[in-house]
Structures are given as structure tokens and as C-alpha cells.
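One chain is shown next in C-alpha cells, namely the form predicted on its own.
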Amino acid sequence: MSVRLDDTTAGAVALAIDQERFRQGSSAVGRVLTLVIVAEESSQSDAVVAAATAAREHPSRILVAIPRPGRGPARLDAVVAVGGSEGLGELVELRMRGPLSHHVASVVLPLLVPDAPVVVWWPGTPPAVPSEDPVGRLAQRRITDAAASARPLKELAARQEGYAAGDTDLSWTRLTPWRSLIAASLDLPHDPITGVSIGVQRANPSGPLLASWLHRCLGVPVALRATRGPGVTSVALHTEHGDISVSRPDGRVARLSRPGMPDREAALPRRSPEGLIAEEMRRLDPDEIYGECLAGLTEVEPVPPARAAGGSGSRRRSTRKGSS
């Protein structure tokens, strides 16, 4: 059941949450954190679905802030839902109109779960420096997604310039399975690695981050080459007697190859927003490795022109660039 509050105040919204919890016999004790989503009207629906699914693993109070600037008077409309068939903890949609749309932090602050961590997620365009944003200052973790930008690589460069401890980007989170498979492929004895090449769809921000991580870990040159995608399609670790490679051209199954050994297959599907947000909510401490890899982007060569991959313009338009 949901409660709709029109032209209301943050205090009235907080009271409505308490009344709904009391009516259902629940409490805020089980809420492990507050997840604040700052989104436009066009993107908030998908973000709510992802957050509600993640809340099954991490019971949370989800505050969806939807600024709607305009010339009208300041107004706050809210929808409060506690419990529900989705299994989410508490979901509050806040639509701030007029001048109030520029004061999101003031509306959100009274609604945070007391003494619980705060995570902020911008599923669309984030502020230039998330840690200096009024809402970002309230949070231990700040989640962005460079792949959601019209110019992902430029957005990734902005994340590098404005990085602060506690920042993370879903372009990095998408690489977790890739990093695990690459690390597993090096468990067995192998010849010294002399270089690395990564096949990645053009304008995919996960490619440079993966290259920075491999350069940091292995201390060898890393080259990026353009492919048709989707996302990251292959990683080849060059040795004197052949490549140790992980390739995933179909976006579902990866093939692991080593010199002198039969090929193996492993599941490596493209990740859903639900899985990405759930992973980020598992850790609330700063991701130091991400920060180091972000700082190392200046040592990564950009993806060469698409003709190096032998692709036409129609090929470059064939798939999304976001997931990895």
C-alpha cells in the first residue's frame, strides 16, 4: 500500500513513513542503509526497479529525488510505500518542483535513517564533483555511471578529475567478473607476460579502466583495440609461447585459452543494473583500487580509430556501449 502526499513537507513525509511502519508492525531497525537516487523523471523508473531488487539483499530506505525545475511555485509531492510485494523496505518518491528542485539535500536530510550509512546514486548525469554536491556530502558512497552519458569517455575523465574517496562508477563494477576470470587464468604457472591487448567496443568506459588495472597489476604495456562489442570482448595476455586469453564475443559465455591446454568455457553474461547496485551496496568503505585505476587512466592509450578493427559505420552502431 502507498500513501500519496501532495504539496507537502519533508516533516509530513517522515511522519507518513512512521505511521505506515506502525500500521504494518515493522520498524526501522532492520534498515541497513539509506539509498538516495537522484534522477530525472525519464530514468527514475528503471533505477527504482534496480534498487528495489537490491533491497531484497540489503533492506534499505530508498529515497528517489526527482527535481523538476520550472517557473512555478516551490512544491513537494511524495509517494510513500512501506513493505510491498517486491520485498523492499521503504520507498519514498519525492518530486520537487520550482525553486525547491535546487535544494534536494534539504528535503532528503530529514528522511535519512538515523545512524545508518548513506549511499547516493545518480543513474543519469551526475554533478561535476559528486563529493562536493550537497547530496553527495551526506553519503559515504557515491555511485555514478559514465556509460549513461552521451560521451562516456569524457565523463570518465571528469570522474578522474573530481575523484574523492567514496566515489565509484558502475563502469568499474561491471568489470568484477572480468577481473576474477583474468586473475583465475593466472593461477597456474605461466611464462612472463610481456604485454596485454584488450578488445572493447568504442566509447565503452570499462575498457580504459580494465587497461589501467592490468597495467597497474602487471607492469606491462596495455593496448586497446576497437571491436563491435558488446562491451569488453577479449583480453589477451601475451607471453613468449602464446597468449593467455579470455574472449567473450557474444556477451554471454567466455572462452579461456592457455598455450598447451584445451580451451574452457565460463559464464560471463553482461550484468544487470540490479546486480551492479547490489554489489555496490555490499561495501561501504572507499574502493581504493578503483581510485588508483582511475588515476592511472593517463597512462592508457585511447582506442584507435574504428577502421583498425575493420568495421563499418553500421557495425559501430550495432550494440549498446554501456554494459561490459
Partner chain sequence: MSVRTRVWDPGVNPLRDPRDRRLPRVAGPCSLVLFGVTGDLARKKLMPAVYDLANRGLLPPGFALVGFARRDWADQDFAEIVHDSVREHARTEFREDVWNELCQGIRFVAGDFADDAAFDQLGQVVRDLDRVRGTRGNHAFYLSIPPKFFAPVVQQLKRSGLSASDDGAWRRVVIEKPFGHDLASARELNSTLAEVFPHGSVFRIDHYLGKETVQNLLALRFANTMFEPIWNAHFVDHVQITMAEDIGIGGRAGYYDGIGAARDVIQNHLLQLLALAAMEEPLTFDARDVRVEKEKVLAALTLPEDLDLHTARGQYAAGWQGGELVKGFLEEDGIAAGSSTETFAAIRLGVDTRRWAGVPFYLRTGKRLGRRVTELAVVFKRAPHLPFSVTDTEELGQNALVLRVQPDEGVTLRFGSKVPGTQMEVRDVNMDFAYGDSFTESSPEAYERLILDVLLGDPPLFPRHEEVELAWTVLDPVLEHWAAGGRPEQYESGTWGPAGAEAMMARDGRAWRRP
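This structure is a prediction, so every number in the text was calculated from the model and none was measured. Positions refer to the first chain, counted from 1.
This next part talks about the form predicted in complex with its partner chain, which is not shown.
A.B. asks: Which is the contacting stretch out of 96 to 104, 131 to 139, 225 to 233, 212 to 220, given heavy atoms within 4.5 Å of its partner chain in the model of the complex?
C.D. replies: Flagged stretch: 212 to 220.
A.B. asks: Which pick from Leu109, Ala164, Ala74, Leu186 sits with a heavy atom within 4.5 Å of its partner chain in the model of the complex?
C.D. replies: It is Leu186.
A.B. asks: Is Thr176 near its partner chain? Define near as a heavy atom within 4.5 Å, in the model of the complex.
C.D. replies: So Thr176 counts as contacting its partner chain.
A.B. asks: Against its partner chain in the model of the complex, would Arg151 count as a contact residue? Criterion: heavy atoms within 4.5 Å.
C.D. replies: Output for Arg151 is no: heavy atoms all beyond 4.5 Å of its partner chain.
A.B. asks: Since only the chain is shown here, I'm wondering whether Glu292 would be in contact with its partner chain in the model of the complex (any heavy atom pair within 4.5 Å).
C.D. replies: Looking in the model of the complex, residue contacts with its partner chain include Glu292, since a heavy atom lies within 4.5 Å.
A.B. asks: Mark Glu265 yes when one of its heavy atoms lies within 4.5 Å of a heavy atom of its partner chain in the model of the complex, and no otherwise.
C.D. replies: Yes - in the model of the complex, heavy atoms of Glu265 and its partner chain come within 4.5 Å of each other.
A.B. asks: Taking Asp6, Gly83 and Ala116 as a possible spot, do all three reach its partner chain in the model of the complex with a heavy atom inside 4.5 Å?
C.D. replies: No.
A.B. asks: Can you tell me which bits of 271 to 290 touch its partner chain in the model of the complex, meaning any heavy atom within 4.5 Å?
C.D. replies: Residues within 4.5 Å: Glu279, Glu280, Arg283, Asp287, Glu288, Ile289.
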